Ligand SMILES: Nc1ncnc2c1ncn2[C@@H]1O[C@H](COP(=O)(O)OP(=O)(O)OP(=O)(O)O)[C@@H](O)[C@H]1O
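Single chain ahead, by itself, as structure tokens, in the form predicted alone.
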């Protein structure tokens, strides 16, 4: 009979960046020497009756920022609830620091959750609310710790106004302070930038970066592509409950090599430039517009090497070059629709 006192075997490493997410193998056997990731999800499915919210999702995450990107209803919040131990998977295994957060109370104390729901005790001040969170975690000096993390999120611990009178952005920061009060190793933030003004959003993104650089695992969900790009994070793309791909958005764009790259060039003679690139078979398609020309090409490397010499030969000025599909919007649309 197996010795139940032995620790669980460590899961496998994260999948290669820029690869489809279904390449993650199941947890290895007990003789594995692979280091345990901070977050491990292995073949996880969550169904509510006939509705499948999460379907056969697998990934591992280490320190730093990782963004879970997907439209509303994609399954992001359900996945986060399972990571925190608030819901059990219908199938598969979820591990935080190698443990099941639903069964291990100690590991739950190493998680900080910023829920999407606006669930605050509206009659309490921010200081009192975060202090309650500190007491719940059994922390020493809960008042001092609450004041400290409120300062981290740029809120005044001496403010007596109840959180029910706070703006949406301020309430988001109160939730983040409560999530940080126990100095967690894993921070799970569900749409934490909703309702923040541009200054607050910039500060929050900087704070997430600081937390990631300190060695913490920061999982942030968002359906806003620009937010994910500004986080500078690795990305897990989820759509219809399935994990479509992983990597940063440049790596994910590499998965789209079966589609042409579209490039806009501002030039003083778009017709001459477009015709020559078509004649040399460097561009697959050309569209002349008011301030230049747009090209489609399946060989981006050849295009990059040829554009400057061709412009010199034609005595054409290049005033700007911008890739039109090398952004999260096009990557996400492609991965969801494919």
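Residue numbers count along the first chain shown, from 1. Just so we're clear, the structure is a prediction, and the values are computed from it rather than from any experiment.
The form predicted in complex with the named molecule exists for this protein as well; it is not shown, and the discussion that follows is about that form.
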What is the one choice in 167, 72, 105, 136 with a heavy atom within 4.5 Å of the named molecule in the model of the complex? 72
Name the residue from 99, 201, 81, 171 that puts a heavy atom within 4.5 Å of the named molecule in the model of the complex. 81
Any chance 53, 191 and 223 all have a heavy atom within 4.5 Å of the named molecule in the model of the complex? yes
Just to confirm the contact call: exactly one of 229-237, 90-98, 142-150, 73-81 touches the named molecule in the model of the complex at a 4.5 Å heavy atom cutoff, so which is it? 73-81
At 4.5 Å between heavy atoms, is residue 116 in contact with the named molecule in the model of the complex? yes
Of 127-162, which residues get within 4.5 Å of the named molecule in the model of the complex if you count heavy atoms? none
